[in-house]
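Alright, here's a single protein chain in two forms, structure 1 and structure 2, each given by itself as structure tokens.
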Structure 1
């Protein structure tokens, strides 16, 4: 390497490559880091929890250590009825999403409000907490923030869970893990395009809609409808149940795989699911030997299928 031209060449390489990395890494990172989170972004990260892919708290992606989203109709502390409120219950030990601890993720307005009015610094993973998304007007704009309802209103996780019926609990955090693990995003995108999808798949997301979310799992190769607003288009739990168990039951031309294996061994009533019998009757039905298809079992409340359906129904 004794030649002068290689010394010059190496320096030029460093300069060229360094400049390109400065423009494509540093400049966008600074720009994106200045974006404040939107209310959608707060709801997303609070419902998903800390990581949606491989992480310490859930290395095998089974959906443990995730928050539960609930709809509260009575105040967990006083027991008096109140307006339906969406709350995110983090039981003791469940890791908080990154936005709660990281100094920059929430952005300026929501970050300051979450600290001053929302008291998020008083929350603790060891005792758990209940979070709510609130909005206040600041300089003529509605600014969303996270309220640590455990500190502000005295709602602790176990009381809150007791006040919520089974129908008002959504395992969205676990469902996001299933969405990532089962590769739903290889075909269903989570990103309506800015140019084309307004009419069909709904409004494309805003800049601050993803702060605190990992992975975003936008998907790139759309072989199936975009799911960002699917819960607004179709809110039927029955339809979703049939569709996940065997998509051809509700859409004969669908090429989606059957996700019946996410039901596990038993259904919601504790009865063992006999898959081979189900397949046999379904084959008879598709061959025209039966009038009706076999009954699809209702997924057990701790099954993976239930959480995935919860996740999809809450993509609104």
Structure 2
């Protein structure tokens, strides 16, 4: 009898906690499962790959086992010129995103079309595949779906990569890993929230934009601009290169840290980067002893800096 009140209180607390967790976790999951993926959502998951953050496949967050996003201007099978098409190349062994592993999360229309017209069930992680995003009209609406271009068009990963120039290759999936690992989401959000945000940063994303993405990187505290549509606001790769190497080159009062170490040891031409000499020249420029700042090295194609810039410019 002496502890009856405590027992009732503990049970009431457990009931309240369980109910709140049910509302917080289960009900949104059911809601999301009933939402069809958008074309943006398909492009995002195909460019990011299975995991866009920490996971057992890449515990050190180095960006391994990621697809390559490409712009095709030549048909990989026939060699004939074609309209520029964005494709996603999964080399053998690169894990597929969740939408390919579990098509039901794509929603009824996109999931069924991806299976019937897109033939995604015929794709294999063992041999690799090439995917594109297509759209067809259903009931007066354009419905997106994933096409396994390897099965439908005969595009295999190796031939596809041979037909693409270096300028048309983008390491977006690896770049998102850099975005998460370097803590960019500590200051930048990927979710404009209030109407004032929409006026400045652009429209907020739709729920279907995140089907199959794992994890999202919304961020929780904004000390810097939202980046949801930054690739549309500023598409200059040159500006982004300066900004990441030393933010003070483009915004003198920026509090953003330098990310010059993501360049590695050599630049795009294979020349060793002399960081000490560069910053000595930059200090002279800051002190007014020289008219022009030193040239920022162009990041090598396999550098972490190149991947991070690819990811940020992809945010449209």
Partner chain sequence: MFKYLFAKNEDIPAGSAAVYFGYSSIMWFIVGTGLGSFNAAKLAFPDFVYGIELLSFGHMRQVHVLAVILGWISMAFAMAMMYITPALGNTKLWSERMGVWNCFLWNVGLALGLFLLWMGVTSGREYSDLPWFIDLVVIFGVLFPLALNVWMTIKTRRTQGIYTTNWFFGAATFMVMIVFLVGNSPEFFSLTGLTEAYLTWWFAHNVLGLWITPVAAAISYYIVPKVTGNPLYSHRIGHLHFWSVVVFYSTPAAHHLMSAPLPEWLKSFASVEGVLILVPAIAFVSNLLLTMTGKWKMFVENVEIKFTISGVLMAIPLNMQGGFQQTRAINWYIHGTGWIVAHAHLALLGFSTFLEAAAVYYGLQTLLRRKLYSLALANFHFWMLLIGFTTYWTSMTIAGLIQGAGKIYEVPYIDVVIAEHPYMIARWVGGTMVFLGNCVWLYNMWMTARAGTVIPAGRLPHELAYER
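Since we're looking at a predicted model, the values are computed, not measured. Only the largest set of C-alpha atoms that superpose within 1.5 Å between the two forms is called the rigid core. Residue numbers count along the first chain shown, from 1.
Participant: Any idea which of the pair is the form predicted alone?
Facilitator: Between the two, the form predicted alone is shown as structure 2, not structure 1.
Participant: How many Å does the Cα of residue 15 travel between structures 1 and 2 when the structures are matched on their rigid core?
Facilitator: Superposing on the rigid core gives a C-alpha shift of 3.3 Å for residue 15.
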